[in-house]
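One chain follows as structure tokens, the form predicted on its own.
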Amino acid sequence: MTATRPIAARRGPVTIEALTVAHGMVLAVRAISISARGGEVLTLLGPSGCGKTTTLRAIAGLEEPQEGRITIDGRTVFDAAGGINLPPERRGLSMIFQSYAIWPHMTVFENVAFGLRARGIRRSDLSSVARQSLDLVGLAALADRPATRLSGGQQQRVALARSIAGNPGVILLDEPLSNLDAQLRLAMRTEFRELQRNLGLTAIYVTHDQEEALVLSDCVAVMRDGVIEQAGTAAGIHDRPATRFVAEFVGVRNILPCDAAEESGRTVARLPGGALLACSGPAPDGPACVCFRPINVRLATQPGPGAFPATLTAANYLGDLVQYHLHAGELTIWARGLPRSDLAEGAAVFWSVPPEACFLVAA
């Protein structure tokens, strides 16, 4: 995308306090509280039906919550107790849906200009603002092209240009890349992040794709059944999931029941069959699982300190890496690493995990 003078200034935070949204008798969102700091990306991450899109629509004013409070840039836009519920057009934000809602009978320029007219932009400013927005997303040269002649990625850029043209400061995005192919999604992640930083936009982004959330976010809130299971930095969520659900959702393949205890000043996890793993962090109260990622499993063909025997039952080629499937008594272990000629299916191997890569969650 083309770098040019920003059209939006850095804005204040979006704050949600004790927000509850019901669909009939079903509580879709259950008293959640979370904030997006000014100029940062907050991602709501979770499976279908967890409440993330309902939360986004409540912020936009498209859903009326039953309880709670929402402030945008220090201004209350919804307060159940105070009877405040500003309509969407008075909340100072823009929203991009999963469907880009591009008008097929208009040109690229007209798609952007139409939204500006609806917001009351002066006619003298309309053309320059629309073209500057298109320039920011790299579509200035296609301003006169019919919308029906755009690729999926170009349509996504038009939707983004239309959203930033109104100088919203806050932008809401509901799975905006899900309709694109894999390679284009990767490119658009980078472009969106660059644009968001350049313009200083506060963004709240909804996705079920954990990799997308980690790439784009300053803060991630993992949702489950209408509540926030864990919130924190992308690195914190990835490296130290707080619950088994979060660990599973962010791709931790090895989640094994264990007996956890503190021994000689360290936390240890004893697995079925007797393997003993040293772990970082404290042991949870009650039943526990030890967690570690496949990339952190070390494989050897000879025994060594802290290594345990297993049988390599499958080696699946993934391109740059190979995924190894191990059986160790009652345990199934997933490992991932570079291709090795000495690791063939059926081989006897020894596996280990460094303590800093192991952590415990409640079972």
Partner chain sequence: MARFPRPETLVGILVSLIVCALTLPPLAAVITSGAGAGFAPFREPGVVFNTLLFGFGTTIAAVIAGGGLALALAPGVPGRALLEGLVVMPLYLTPLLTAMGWNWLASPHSGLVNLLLHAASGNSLTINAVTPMGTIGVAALATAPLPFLLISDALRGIDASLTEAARVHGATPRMVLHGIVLPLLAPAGLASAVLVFVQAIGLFSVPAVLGMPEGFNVATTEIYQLLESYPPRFADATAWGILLLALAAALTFAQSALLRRRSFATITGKAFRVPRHLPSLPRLRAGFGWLYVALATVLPLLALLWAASMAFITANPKLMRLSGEHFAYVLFGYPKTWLAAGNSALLGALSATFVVLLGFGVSWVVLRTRQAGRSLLDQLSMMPLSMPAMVFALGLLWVYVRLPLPIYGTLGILLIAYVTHYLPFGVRATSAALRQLHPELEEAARVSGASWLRSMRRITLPLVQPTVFSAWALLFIMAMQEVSASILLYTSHSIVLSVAVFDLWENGNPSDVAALGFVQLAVSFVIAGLVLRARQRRALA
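Between two forms, the rigid core is the largest collection of C-alphas that superpose within 1.5 Å. Residue numbers count along the first chain shown, from 1. Computed from a predicted structure; not experimentally measured.
What comes next is about the form predicted together with the partner chain, which is not displayed.
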Item to check | Non-hydrogen atom within 4.5 Å of the partner chain in the model of the complex for each of Asp125, Gly138 and Leu195 | outcome: no
Checklist outcome for this item: Answer key, the partner chain contact in the model of the complex at 4.5 Å (heavy atoms) among Gly115, Gly236, Gly153, Pro257: the residue is Gly115
Checklist entry - Only one of Ala315, Ala31, Ile34, Ala60 has a non-hydrogen atom within 4.5 angstroms of the partner chain in the model of the complex; which is it? => result Ala60
Checklist entry - Heavy atom to heavy atom, is Glu89 within 4.5 Å of the partner chain in the model of the complex? => result yes
Next on the checklist: in the model of the complex, is there a heavy atom of the partner chain that lies within 4.5 Å of any heavy atom of Ser280, even though the partner is absent here?
Outcome noted: no
Next on the checklist: Although the partner isn't part of this model, could you tell me whether Leu93 comes within 4.5 Å of the partner chain in the model of the complex, counting any heavy atom of the residue?
Outcome noted: yes
Checklist entry - Just to confirm, Gly265 within 4.5 Å of the partner chain in the model of the complex by heavy atoms? => result no
Checklist outcome for this item: Here the chain appears without its partner; judged in the model of the complex, the stretch of 330 to 338, 297 to 305, 315 to 323, 61 to 69 with heavy atoms within 4.5 Å of the partner chain is 61 to 69
Checklist entry - Can we say the CA of Ala278 moves by at least 2 Å between this form and the one not shown when the core is superposed? => result no
Checklist entry - Can a Cα shift of no less than 2 Å be assigned to Thr107 between this form and the one not shown, given superposition on the rigid core? => result yes
